[in-house]
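Next up: just one chain, as structure tokens, the form predicted alone.
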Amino acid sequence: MIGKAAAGGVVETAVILIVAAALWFAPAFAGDYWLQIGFRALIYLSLAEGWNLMAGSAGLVSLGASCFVGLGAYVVFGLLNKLDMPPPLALALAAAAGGALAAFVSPALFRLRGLYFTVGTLALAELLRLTMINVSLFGGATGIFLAQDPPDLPALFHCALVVAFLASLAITFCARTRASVILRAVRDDEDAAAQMGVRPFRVKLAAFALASAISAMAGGVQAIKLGAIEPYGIFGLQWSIDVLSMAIIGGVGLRLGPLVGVIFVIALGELLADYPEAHVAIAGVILIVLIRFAPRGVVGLVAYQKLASRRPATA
């Protein structure tokens, strides 16, 4: 079983490499509109990959994605403005800051389970937002402006592509190795996993820190593109809601779930761009219907239909 998973991981890694290499040359033939769409899709894909690892594999349903997106944005702006640091190094340090914050708050958050953990992550995001508003060192409610000119759109697209590529490789490693078995054991029954010799705190911490580091990097790239950040937007709950919706629509715990969810939600948003009220209503209805009739999302529904079609007919 492990051998098949490892072989699948090699194939999946090769596919990721080929797709990333092909997308690298997209700015040469794609217009600004498609680059904007691609940039947004790559940022959300990175966030959804991390969320899917936490919720689908480790059972940590979080509403704190906005916390780490905002943290990464402020760390990157601070490093670029104060130290004139190269953007790649600033993004790497933002990822380290995201993982460090996750490690710092995990002893308190992991005492909470289920819905209480979800509420705790939401409270953490709100706490960080209020800190940025009330501390003048961080620009207060006005926010911070980037001192240097942002890179052009192709360069930003490449940055988002690198972040999504690293996130996909990391999640593939977690999904195609022994780590996936350990994560699922903790997700299904934390106490039983502990009796079998698994250390649930360390397993959950690894998933939480990795997802937080990915979110912080994605937030840093988004901030560079904006050129200006303020607490109400960069720490907005909409980040967490969008990521959760994409993962649920695609399929929580399924490898292709984040990708399918991102494509579905962004395509729906573009089709209904002139009707924002209808967009919110339709997206909500789709989400409710999927949760009720297809809890495994679009990917899970398609896989079930294929499995059902292969079953031999019985009298």
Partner chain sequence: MRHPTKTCLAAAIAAASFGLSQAHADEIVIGASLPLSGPLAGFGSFQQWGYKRAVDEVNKAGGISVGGKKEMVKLIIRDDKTDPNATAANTETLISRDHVVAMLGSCTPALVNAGALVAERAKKPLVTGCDPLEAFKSVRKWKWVWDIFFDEPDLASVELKAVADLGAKTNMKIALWHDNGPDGQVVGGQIWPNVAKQFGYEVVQNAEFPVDNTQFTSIIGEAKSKEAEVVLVDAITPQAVAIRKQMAASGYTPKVLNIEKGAEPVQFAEALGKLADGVLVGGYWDPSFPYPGAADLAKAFESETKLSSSQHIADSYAAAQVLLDGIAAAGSTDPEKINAALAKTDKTYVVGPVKFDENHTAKLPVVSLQWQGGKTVVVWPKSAKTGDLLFPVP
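The model shown is predicted, which means the values in this text are computed figures rather than measured ones. Residue numbers count along the first chain shown, from 1. Take the two forms, find the largest set of C-alpha atoms that superpose within 1.5 Å, and that set is the rigid core.
The discussion below concerns the form predicted together with the partner chain, not included here.
Counting only non-hydrogen atoms, choose the one of 96-104, 201-209, 182-190, 232-240 that falls within 4.5 Å of the partner chain in the predicted complex.
-> Contact criterion met by 232-240 only.
Might H279 be said to contact the partner chain in the predicted complex, defining contact as any heavy atom within 4.5 Å?
-> So H279 counts as contacting the partner chain.
Using 4.5 Å between non-hydrogen atoms, is A26 touching the partner chain in the predicted complex?
-> Close contact is absent here: in the predicted complex, A26 is far from the partner chain, nothing within 4.5 Å, heavy atoms only.
Interface membership of G227, the partner chain in the predicted complex, 4.5 Å heavy atom rule = Yes, G227 sits close enough to the partner chain in the predicted complex that at least one of its heavy atoms falls within 4.5 Å.
Contact of M85 with the partner chain in the predicted complex (heavy atom, 4.5 Å) = M85: no, not in contact with the partner chain in the predicted complex.
Taking heavy atoms and a 4.5 Å limit, what residues of 34-65 are near the partner chain in the predicted complex?
-> Read in sequence order, the residues that approach the partner chain (within 4.5 Å, in the predicted complex) are Q36, R40.
Does the distance between the two CA positions of A294 reach 2 Å or more between this form and the one not shown, the core being superposed?
-> True for A294: a C-alpha shift of 2 Å or more.
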